[in-house]
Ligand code: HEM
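Before any questions on binding or motion, here is one chain by itself as structure tokens, the form predicted alone.
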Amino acid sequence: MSALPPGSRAPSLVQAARYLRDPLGFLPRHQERYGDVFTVRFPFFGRIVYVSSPELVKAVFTGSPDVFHAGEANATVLEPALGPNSVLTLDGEPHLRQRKLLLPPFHGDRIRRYGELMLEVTRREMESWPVGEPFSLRPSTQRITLSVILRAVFGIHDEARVERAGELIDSFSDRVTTITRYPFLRRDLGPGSPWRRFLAARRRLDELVYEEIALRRAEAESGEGDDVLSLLLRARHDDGSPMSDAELRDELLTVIGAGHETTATALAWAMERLLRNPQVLARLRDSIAAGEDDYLEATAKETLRLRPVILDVARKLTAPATIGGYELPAGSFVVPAIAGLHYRDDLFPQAREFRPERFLGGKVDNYAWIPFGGGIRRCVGAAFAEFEMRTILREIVSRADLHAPDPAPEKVKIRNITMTPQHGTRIVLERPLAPIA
């Protein structure tokens, strides 16, 4: 079979508008109407073939990395921000070389060593919350996760530098949104144009990043420093060569993008769902008080299922490939649809309900629950992100008596490539924080 999979015949602009209006509903509706493999047309990106069954997702994730190029697909959106050396924009051997160096700092005991730092930052931020006044939680979780990234990954501890870095990253993130969403703006249209402003914000952030690399490189030569940047400076490729400053810069920007805003958003969604499902919040609070972690872990996983921070993960074919009975030509984008999978009732009964118990006592299907992607391209920082999410969520739930001023669920708003709560998860802290246990 050589024809493309079925899909809407609506113009690409109309399909894009529908996606932007209802990101979480768009892909599940297509899966229900057209089946496990379908075609969507978007401006600038052309035809995209989505797959939304565990079997087809497995075929994509385990397909030859020489044919299913994730880096090339990601680069169409991410390279202006992350650069050509990012683990997200590389393919083949270069990708494996970078991934091999990045994995150790984000796994095992090294992650748990950052637990006290995560708690310290969270507690300091929570002390600033007003009592009895509505405020948006997501900016607060952003400050927490950014502070953790700057300290644990960059090794920055000076408060003035942390504040400066936060301002530069916020400015950079604001500029990225426009050029990510509208690729035709990635050219110089004169003073004040989105591209000029993006380049200026990138240049200012790069200056700070290269300053930190130089500072940490001097410290690394003495073997001191256990932050991720120091560990990467001491790491070596198989040929004995160190990572270059350009490689380090691109990976550090990747960590900021993939490990800061995403976790902050996931935490905001967790509280948005918990405050609208009081029976779940009560059970979580009881389990934490009992010193148990199973339900906390299940709550984090259920949040990432019901409110995935990103909605798909892309591959670009370098050669023809058969997917779901359709022979797709080279150059095609093949994209596992995260929401298309996560909202299937046959995989997750009553899929639109927030039910953490579905993740208790069982192994997660690596091809049905895919908030971090999968295969050899699974997010390097997934374990770090889940640990951080559990650590911060435990502290908030156990100490803060919160309610949502509006009982209606918050809709989804797209920021950069992430799905955020429309109002940033509006909450009210009803009384002063409980003492630290």
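So that there is no doubt, residue numbering starts at 1 and follows the sequence shown. Quantities reported herein were computed from a predicted structural model and do not represent experimental measurements.
The same protein also exists as the form predicted together with this ligand; that form is not shown, yet it is the one meant from here on.
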Does each of Leu102, Val313 and Pro371 have at least one heavy atom within 4.5 Å of this ligand in the model of the complex?
-> yes
Heavy atom within 4.5 Å of this ligand in the model of the complex - residue from Val51, Ile396, Val40, Ala385 | Ala385
Looking at Arg33, His403, Arg378, Lys411, which has any heavy atom no more than 4.5 Å from this ligand in the model of the complex?
-> Arg378
Examine Ile213 and determine whether its closest non-hydrogen atom to this ligand in the model of the complex is within 4.5 angstroms.
-> no
With the cut-off set at 4.5 Å between non-hydrogen atoms, does Arg283 touch this ligand in the model of the complex?
-> no
Would you please decide whether Thr254 lies within 4.5 angstroms of this ligand in the model of the complex, comparing each non-hydrogen atom pair?
-> yes
4.5 angstroms heavy atom contact with this ligand in the model of the complex for Phe106 = yes
Of 291-299, 158-166, 87-95, 347-355, the segment with heavy atoms within 4.5 Å of this ligand in the model of the complex is residues 87-95
Pull the contact list for 291-311: residues with a heavy atom within 4.5 Å of this ligand in the model of the complex, in sequence order.
-> Leu304, Val309, Ile310
